[in-house]
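Before any questions on binding or motion, here is one chain by itself as structure tokens, the form predicted alone.
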Amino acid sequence: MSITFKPLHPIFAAQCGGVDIGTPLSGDDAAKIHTAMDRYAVLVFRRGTPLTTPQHIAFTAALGEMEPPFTKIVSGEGLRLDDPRLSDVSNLSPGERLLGREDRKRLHGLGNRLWHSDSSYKRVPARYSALCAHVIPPEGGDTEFADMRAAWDALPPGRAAQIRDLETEHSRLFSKGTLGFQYSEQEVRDFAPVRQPLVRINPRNGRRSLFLSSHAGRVLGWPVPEALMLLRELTEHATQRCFVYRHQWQLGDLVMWDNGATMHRACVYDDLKYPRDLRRTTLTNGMPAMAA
């Protein structure tokens, strides 16, 4: 069976068929997935059964170098997943209980409802993220994706010229700070701001995109209020409905997205009543983002 890609949105996102991601990827299929990621930026793999941890790791590693471990905000009961290469995107404790309202991991995770790009707060940002659904709530909890390439293309020429060469600073201190989350002294050091281009380019096809995220909180050389207004204006522009694909999760779905071409956010659900267990692996870009 040959690998196929069915568009899910007029400008990006596609469902991938004809490949079993629970078995080792062939080099040919991996190459086709990379090509499709450059075209669609978001790929959905529907399989009905969640990947095991070894399957999830093997699928991701077949596509590139995985991110090294980084500082995590955990529940008071500790880590829930036993492989550091998996990010626990859930509202569950190590005992599989729902996190309490005041649990530090829960409060930090609320920031996932802000538009963001994974690991933009690292000097070397993420390339692909691959999120697998193990438990989904009966309602809510969708994930939205916004195409930053289309958003760049739609900017008025004068605005595009004004911002093309700007640099920003990204940090979790900026994103979670807007929610009032308090970090420890060590976490403040770990999450020191890093510089990123506001507009970056895909070195494989030359396509430009906005590099926006809730983690972005400064524009180098600009007064803070003016910088924040610019970032807010661009985020509002980039998340218009015409640029957004909303994914409704089914058990076993794996959704992979290109952090260099998209932003995403979790949608609200009753996390004090229903479990939601998604697990993510992440590929590194391998080098700092390339400015346009």
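Residues carry their position along the shown sequence, with the first being 1. Only a predicted model underlies this, so the values are computations on that prediction, with no experimental measurement involved.
Below, we refer to the form predicted together with a small molecule, which is not included among the displayed structures.
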task: Report the residue, out of R80, R208, R106, H116, that has at least one non-hydrogen atom within 4.5 angstroms of the small molecule in the predicted complex.
output: H116
message: Please identify the residue among T178, T71, N112, Q162 with any heavy atom within 4.5 Å of the small molecule in the predicted complex.
response: N112
- prompt: So, L131, D142 and W257: all three within 4.5 Å of the small molecule in the predicted complex by heavy atoms, or not?
  reply: yes
- prompt: Can you pick the stretch from 142 to 150, 164 to 172, 93 to 101, 195 to 203 whose heavy atoms fall within 4.5 Å of the small molecule in the predicted complex?
  reply: 142 to 150
message: Against the small molecule in the predicted complex, would I136 count as a contact residue? Criterion: heavy atoms within 4.5 Å.
response: no
message: Residue-level question: is H264 within 4.5 Å of the small molecule in the predicted complex, judged on heavy atoms?
response: yes
- prompt: Does V89 reach the small molecule in the predicted complex, with heavy atoms at most 4.5 Å apart?
  reply: yes
query: If you check in the predicted complex, is L278 within 4.5 Å of the small molecule, heavy atoms only?
result: yes
